[in-house]
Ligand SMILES: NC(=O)c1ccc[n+]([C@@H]2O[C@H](COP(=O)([O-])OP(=O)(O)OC[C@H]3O[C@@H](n4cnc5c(N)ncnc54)[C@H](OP(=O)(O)O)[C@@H]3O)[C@@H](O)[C@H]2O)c1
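A lone chain, given as C-alpha cells: the form predicted on its own.
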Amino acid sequence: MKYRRLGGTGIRLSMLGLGTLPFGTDTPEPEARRMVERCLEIGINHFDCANIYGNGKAEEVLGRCLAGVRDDVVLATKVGFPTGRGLNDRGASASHIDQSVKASLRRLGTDRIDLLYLHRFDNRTDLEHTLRALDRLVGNGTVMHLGASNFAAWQVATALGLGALHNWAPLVAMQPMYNLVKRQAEVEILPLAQAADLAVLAYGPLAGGLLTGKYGEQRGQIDGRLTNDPMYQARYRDDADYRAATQLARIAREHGIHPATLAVAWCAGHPGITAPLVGGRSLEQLEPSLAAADFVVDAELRARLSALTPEPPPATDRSEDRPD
C-alpha cells in the first residue's frame, strides 16, 4: 500500500480509503466487519463516514469495527445535512455543529474525530460563524483536522482566506465527486488543492456502480442504484456515460483486470488526488476496487481512458490557454 500526505498535517493516508455509506443498512454489521478487517489487512488506514449515513447506524457500526485499532486509523465523518425534523436540525450553525459532533462521538465510541468535513456549503449561515465554531472544536481537541465536502473551489478558497485572516484552524482536505464521467473537479478544485497543499479524498470513483462493468449500455435492465435510486438516476442519466462505461470495460478486459480496478486506478492516478474513497455492499463487491492499489495506470493508458469522456473546459473558457 502506498501512502500520501493529508495536506500539510504530517499525517500519512493510504492511497485508498474506505467509504462506509451502506454500513448498518445495505451492509449488515458482520459483513462490514469483514470489509474493515480486509482493508486493515492490506494497509488501508483511512475510514470515511457521515452522521446521516443510515441515520447514524453507519457511525455506530464503524465505531465498533474499529474499536480495537482506533489509534491506528484516521477516522472521518461529516456534519451539515438534516439530522431531524426541527428547523435548526441542519446546516452549519455553531449549535448544529456542536450537537452533531457530540452525537457522532457517542456513536463512533471515540473521544475525537480525526477529520471533520462540512458535508455541503450552507448559504444560510455566515461562513465566519461556521469557521469560528469549527476552530473551537479543534482548539479543545474534539476535532483534529477540518475538511469540506461538495464545496466549490471559490467556497474553499474563501474559507482558507478567512481562516488565515483570523488565525483559525484551516481546512486541510476536500472531498469532491470525481470519476471518469464526472470530471468537473479538474477545472478548479484539483488545481486549488495542488496550489494550496490540500488533500483530496474523492468519492464516487465508480460513478454509483456505472464503471463496474455491471451496466454497460443495458440501462434499466440491471438491479442496482442506477435503476433503483432517483438521485443516481438523475446524476448518471446521459447516454454518453453508459457508452464510456462500456468502452472502459473493454479496455479492462484487454488488461485482464476488473473494470472497477481500472476506474479506481484512473482516479487515483491524477496528481491532485490523495485517495479515492472506495466501497460496496459486501467484501465481494469491494475487492476489485482494493486491487487498484496494485495497478498503475501509465501515461499512455491514462490518455486512452481520459479520451473516453470530454475534458471539461478551463475555468476561463480560454481553451487556447490550456496547458500542453
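Predicted, not measured: the structure shown is a model, and the values here were computed from it. Throughout, we count residues from 1 along the sequence that is shown.
There is also a form predicted in complex with the ligand; it is not shown, and the following applies to it.
> Counting only non-hydrogen atoms and a 4.5 Å threshold, tell me whether 150, 203 and 207 all contact the ligand in the predicted bound form.
The answer is yes: all three residues contact the partner (heavy atom, 4.5 Å cut-off).
> Closest heavy atom of residue 168 to the ligand in the predicted bound form, within 4.5 Å or not?
So residue 168 does not count as contacting the ligand.
> Is residue 214 close to the ligand in the predicted bound form, meaning a heavy atom pair under 4.5 Å apart or at it?
Contact check for residue 214: yes, within 4.5 Å of the ligand in the predicted bound form.
> With the partner left out of view, is residue 175 within 4.5 angstroms of the ligand in the predicted bound form by any non-hydrogen atom?
So residue 175 counts as contacting the ligand.
> In the predicted bound form, does residue 119 come within 4.5 Å of the ligand, counting heavy atoms only?
Within the cut-off, so yes.
> Let me know the one among 64, 270, 258, 34 whose heavy atoms come within 4.5 Å of the ligand in the predicted bound form, would you?
Only one listed residue qualifies here, and that residue is 258.
> Which among 297-305, 5-13, 311-319, 18-26 is in contact with the ligand in the predicted bound form, heavy atoms within 4.5 angstroms?
Selected range: 18-26.
> Could you list the residues in 281-296 that come within 4.5 Å of the ligand in the predicted bound form, counting only heavy atoms and keeping sequence order?
281, 285, 288 sit within 4.5 Å of the partner.
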